[in-house]
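Heads up, the chain below is alone and in the form predicted alone; it's given as structure tokens.
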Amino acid sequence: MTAIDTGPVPLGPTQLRRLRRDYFSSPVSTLISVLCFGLLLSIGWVLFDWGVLRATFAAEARQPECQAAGGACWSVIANRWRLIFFGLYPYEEQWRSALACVAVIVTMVLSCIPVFWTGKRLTAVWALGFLTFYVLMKGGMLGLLLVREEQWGGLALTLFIFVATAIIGMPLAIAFALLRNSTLPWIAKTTGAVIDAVRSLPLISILFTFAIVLPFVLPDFVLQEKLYRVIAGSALFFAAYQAEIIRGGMQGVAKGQDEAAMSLGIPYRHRVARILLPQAFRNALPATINQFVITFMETSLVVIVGFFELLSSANAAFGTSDWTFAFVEVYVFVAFLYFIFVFGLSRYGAYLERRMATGQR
């Protein structure tokens, strides 16, 4: 049996020529490249020295021990990680919040596998995953203790707002895009006015309006929990921007395809579902992934209406006298969590671009 060499693959002549052309093509380019690489190495070494070599990891360590070591004090994470991840969720029930996060992450992973790339399968996966998340977080059934939405927090609340915004906002965005492309002028202009009105407002004002102002103007039987009103406002904001992204993708589809489908007698709903929208989403894929990334980052804005999401939980983690000095470590840890999700979304988008042969190769 032939042995498989798993060692590092040396750079070939083509890669070496490309490196020389990109970074060392002239004396000035060589000098700039050397200075930039040296600066990056210096910054990397300082961060590694602070975050690893001189860092304090012992859970029992406090400010004197951390300051004596001179590095990062990761003891704050060891002591306050539950608050960061679960917020105000009851301590005895935090295993449910953890399982709910796992359920959402598993659902995201499954929806990235090509075998699930059909409308029925994606709908089934997301319906089951979101229902599992909601039952675990809310409780009140299957022997689980009821936990009100006001007690949700941390990473679980951030994921819930993000996923609910995407699930509600994407169908609404498709409807907006189709209505704005309607051949009936009054429908197209009315939809355009709604989209432009929403896009002209900052998200903070929309969240504040849905959370605080609506209870004064709507009857009680119409209102729901404040969290759901915030999600509705976030989904509307997402839909307004995503509708324009989808409409741009639709404009990239040749009109002859729709005309050919009409000549074959294909109904409108099938023309939209099987011809127009698949190509529109392929054309708009990079912008769509970017919109998902922005939406995930903007979940931190719900703190202004009183919710204890991931970033707010992080602020509370160092809000005691024992850990006020360790705010940098807490923010670095939370930034790492955001980076994991955002980088995963961006890499998945790049994978889809390669698979669908869109963008520059």
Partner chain sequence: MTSILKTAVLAGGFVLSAAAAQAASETLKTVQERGALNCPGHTGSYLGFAEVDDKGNWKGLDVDLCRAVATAIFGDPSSLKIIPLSWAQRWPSLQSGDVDIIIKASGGTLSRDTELGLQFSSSYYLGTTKVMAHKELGLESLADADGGTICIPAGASQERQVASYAERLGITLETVAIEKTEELEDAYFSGRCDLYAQWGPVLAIARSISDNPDDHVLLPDVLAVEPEVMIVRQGDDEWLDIANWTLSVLLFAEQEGITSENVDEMKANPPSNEVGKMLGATPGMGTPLGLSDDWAYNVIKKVGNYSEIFQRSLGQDSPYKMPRDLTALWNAGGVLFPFVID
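Everything numeric here is computed off the predicted structure, so don't read it as measured data. Positions refer to the first chain, counted from 1.
Form predicted in complex with its partner chain: not shown, discussed below.
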{"property": "Close approach of residue 80 to its partner chain in the predicted complex, 4.5 Å, heavy atom", "result": "yes"}
{"property": "Close approach of residue 319 to its partner chain in the predicted complex, 4.5 Å, heavy atom", "result": "yes"}
{"property": "4.5 Å heavy atom contact, residue 42 to its partner chain in the predicted complex", "result": "no"}
{"property": "Contact flag, residue 331 vs its partner chain in the predicted complex, heavy atom cut 4.5 Å", "result": "yes"}
{"property": "Interface stretch in the predicted complex with its partner chain - options 155-163, 122-130, 98-106, 196-204, non-hydrogen atom within 4.5 Å", "result": "196-204"}
{"property": "Sole residue of 232, 110, 88, 178 within 4.5 Å of its partner chain in the predicted complex, by heavy atom", "result": "88"}
{"property": "Three-residue site 67, 303 and 315 fully in contact with its partner chain in the predicted complex at 4.5 Å by heavy atom", "result": "yes"}
{"property": "Within 4.5 Å of its partner chain in the predicted complex: residues from 149-180 (heavy atom criterion)", "result": "150"}
